[in-house]
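As a starting point, one isolated chain is supplied in structure tokens, in the form predicted alone.
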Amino acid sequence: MNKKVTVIGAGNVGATTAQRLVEKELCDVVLIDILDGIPQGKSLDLTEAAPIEKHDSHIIGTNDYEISKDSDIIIITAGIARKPGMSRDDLLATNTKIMTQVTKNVTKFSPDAIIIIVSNPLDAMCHVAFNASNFSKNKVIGMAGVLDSARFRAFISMELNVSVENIHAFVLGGHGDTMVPLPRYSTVSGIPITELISKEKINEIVKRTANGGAEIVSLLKSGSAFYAPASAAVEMAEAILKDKKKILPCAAYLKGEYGINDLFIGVPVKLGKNGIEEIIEIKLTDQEDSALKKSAAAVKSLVADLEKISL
């Protein structure tokens, strides 16, 4: 029997996530959206592409959560993007209500699933899903670190004109301008980038990484990134489905690790069939630790705002 992944939200991120999952032949996919016809139409389109792409994964589009029953993984991309004139608090309130409802609906039919959160504001939405699902902390995971690290790697590749396959990089912390890229732990074929790129240029790359999403939004004018976020979510899903024990930077619920408690923060984790199977604690310099604590404080502020929202 094929593995089963449910993707909530049939917008650009959700539909692209579904496409990558089936074309990699990782699982069968259920694509759910509140809008009638959208998940059905996109799923049918992807089904008709299967003979060309040469895969036998099945995809069903629906508005009915019951069809998602017994999913192995739930990937949640649902939510609205920030619109002109909308405050952060407005966005947080709207997406909190969406995330709460979606999580309760889907976990009712898949109580043993692992949840991957893609919706923004990412770190806050992890808390919402964690509370709404009542799942153990190893089964609720935020996507951001894989995406932020991929952006960091892409910019390093562009600077050095080398294959992205040679580059490993880590970005810790919250998903936003307080994220913490770690040049010391970022390498090209094992060589630290600090040996290959000037400090000034590294600082430029770090800044561009932190503003990676905003840069794409400014270019698109309307809408936001979806190819790379979808790829990031699928890399995490693949590590879980195949029990790869892969170490990736993900938003995890910390209970004392890195001196942080009761917050979802991006850190290196080992992903396998049980979700987060280990949180990897690496040694940080005082400056890096300070930056991570600053990022945690920003996430804590968001979580405090969540408590003011009446659902």
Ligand code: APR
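Treat the numbers as computed from the prediction; the structure is a model and nothing was measured. Residues carry their position along the shown sequence, with the first being 1.
FYI, the form predicted in complex with this ligand isn't displayed, but the following is about it.
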task = Determine which one of 112-120, 164-172, 181-189, 197-205 lies within 4.5 Å of this ligand in the predicted bound form, judging by heavy atom distances; exactly one does.
result = 112-120
key: Contact flag, Asn131 vs this ligand in the predicted bound form, heavy atom cut 4.5 Å   = no
key: Close approach of Val5 to this ligand in the predicted bound form, 4.5 Å, heavy atom   = no
ask   = So, in the predicted bound form, is Gln19 in contact with this ligand at a 4.5 angstroms heavy atom limit?
value = no
message = Considering non-hydrogen atoms and a 4.5 Å limit, does this ligand approach Ile240 in the predicted bound form?
response = no
request  = Quick one: from Ala49, Leu35, Ile280, Ile67, grab the residue that has a heavy atom within 4.5 Å of this ligand in the predicted bound form.
outcome  = Leu35
ask   = So which of Leu92, Ile98, Ala154, Ile216 gets a non-hydrogen atom within 4.5 Å of this ligand in the predicted bound form?
value = Ile98
task = Please state whether every one of the three residues Gly142, Gly145 and Ala251 places a non-hydrogen atom within 4.5 angstroms of this ligand in the predicted bound form.
result = no
task = Any residue of 5-40 with a heavy atom within 4.5 Å of this ligand in the predicted bound form counts; write them all down in order.
result = Ile8, Gly9, Ala10, Gly11, Asn12, Val13, Gly14, Asp33, Ile34, Leu35
